[in-house]
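First comes one chain, alone, set out as structure tokens in the form predicted alone.
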């Protein structure tokens, strides 16, 4: 993209500079673009999940199990940490995913009071297909940037996000 290319954020920033010259509106240059990109990403994610009959929360739980590696199994507590929801919410989500045939529960052999949640073959096939579709859509979103620019952008965003992702 050339330096002459302008987007909606450029117009927004110019308007604010005219209307409020007393304010430093530079953060809008980055954060309004991140916000707009997040909306496009959300649309792409929802479309990918819908194509595979999944809700975003279902995808989150199923991908947490998939990332765990074989046997694609985690405790409900580990799923809580991976998806950042409450225990009541997770119980409801596991129940609904089990009803849909995407996961199953089994007793934890190392903790008689605990259970383990694992992907079924159906859940594994569904999450793998949805993830492949999502990655195709994400590649499309990034198609305006070459590999070097993508790595540079990822590094800059990592710098911005790291303080938010670190433990309190």
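What you see is a predicted model; the values in this text were computed from it and never measured. Residue numbers count along the first chain shown, from 1.
A second form of this protein, the form predicted together with the DNA, is not displayed here; the remarks below concern that form.
- Residue-level contacts in the predicted complex: of 105, 36, 67, 136, one residue has a heavy atom within 4.5 Å of the DNA, and it is 105.
- Each of 75, 84 and 93 comes within 4.5 Å of the DNA in the predicted complex, counting any heavy atom.
- The stretch that touches the DNA in the predicted complex, counting heavy atoms within 4.5 Å, is 110 to 118, out of 137 to 145, 124 to 132, 110 to 118, 25 to 33.
- For residue 88, a non-hydrogen atom is located within 4.5 Å of the DNA in the predicted complex, even though that partner is not displayed.
- Although the partner is absent here, residue 57 is a contact residue: one of its heavy atoms lies within 4.5 angstroms of the DNA in the predicted complex.
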